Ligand code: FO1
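Next up: a single chain in structure tokens, the form predicted alone.
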């Protein structure tokens, strides 16, 4: 058996601050990267072209990083539980290392892979967490049960020391151009064996059947994510508390896609926020930074509950919503998808999603509330549409956000209903966001634009639809249905 360790990248498409990769390097200098194009993920009907395009860009950057380190990234296509053991055996690898994941499919896949590796006598890394600051088994209540409410989770979570970014000793910064001799490539003979075992060239997104002809809203790769983090922490984080809810302002970190694919480590992000906190000059900026840290904790809360309660991926957590009488009007759902509901703030948000594959978080809450509470459509339909469109779609975060908006998840407040007009007035007071994404309404007076009181004649002349439902009426229908479910 050789000294070779294959490191299987999944949601950690980086070399810096990668706990599993660092562990592999501690064990051997002969570390080769591996990524498997999994048909169980790519051939689903909810794989988004923009997301696959971003992922391929991240893989291209990762290949370059490995080359700079003197090694390489191998690409497989097939069921990982079959393709990876076959490759590891062919190359006589001593072990396959990877980082664990919270998602139900990943857990099943990993357990199956472990069994396959054991059968071939190939080693593996014991359960290793990289995408979260604390493991799901670490943050538990006084009764040793998993948390189902965020606030007590946050109090426990923030009280614990956070791990610093890990060093992967054979790599310098993402901007390093000179190769390191610390690692080694496969030999020519090993490369031949690897190809026979299924290794392929990295395909384009188009090669995989995903067409995204627009420019990516977010630049892929480790260096781009690090640059975005530094830019955010140098200024915008100081005003995060005040600006994060306004979709016309670039007031958020926009690191969600980078974190979803792991092109930046969560320890790196946390350390950057701590450094910003230590450099802050006022209580206001410290409060803003703490608010951003709470959003990191929200992300982790949703990951923990997905790990502890995998059934969340299939439906509601709260009893009244497990058999809720959703209306599921197909025409209404289609109008919502296309941004043609007649509610300007809702339509602006949906058009942004359709155009660039991303939507501001405040708007995600607005459109999710509208779909579930105004159109009375099953949130799982909206959840799936987001899955088909978002560059940063993440099962835990997407599911948690939709269940929060639908009032079906782990939220102590029984009902939360957003009024589209009041949301627009509060968070897009000048109508800048609406006018950007619903250009036919640019000439409408701001007050009418925000409250939606645009006459049918004016709507017709502008080519903008009438409201497909009445908010107040639908709110009553929803509340009545909810009360009946509680009986």
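Positions refer to the first chain, counted from 1. Source: prediction; values computed, not measured.
There is also a form predicted in complex with the named molecule; it is not shown, and the following applies to it.
Student: Do residue 25 and the named molecule share at least one heavy atom pair within 4.5 Å in the predicted complex?
Tutor: Residue 25: no contact with the named molecule in the predicted complex.
Student: Would residue 309 count as touching the named molecule in the predicted complex under a 4.5 Å heavy atom rule?
Tutor: No, residue 309 is distant from the partner.
Student: State yes or no: in the predicted complex, is some non-hydrogen atom of residue 378 no more than 4.5 angstroms from a non-hydrogen atom of the named molecule?
Tutor: No, no contact at 4.5 Å.
Student: Would you please decide whether residue 68 lies within 4.5 angstroms of the named molecule in the predicted complex, comparing each non-hydrogen atom pair?
Tutor: Answer no; every heavy atom of residue 68 is more than 4.5 Å from the named molecule in the predicted complex.
Student: The named molecule isn't shown here, but in the predicted complex, which of 449-457, 434-442, 60-68, 35-43 has heavy atoms within 4.5 Å of it?
Tutor: Of the options, only 35-43 has residues within 4.5 Å of the partner.
Student: From the list 109, 267, 318, 351, which entry has a heavy atom within 4.5 Å of the named molecule in the predicted complex?
Tutor: Of the listed residues, the single hit is 109.
Student: Taking the named molecule in the predicted complex as the reference, which of 374, 101, 222, 347 has a non-hydrogen atom within 4.5 Å?
Tutor: After the contact test, the surviving option is 101.
Student: Even though the chain is shown alone, can you say which residues of 330-354 have a heavy atom within 4.5 Å of the named molecule in the predicted complex?
Tutor: The stretch 330-354, when checked against the named molecule in the predicted complex, contributes no residue at the 4.5 Å heavy-atom cut-off.
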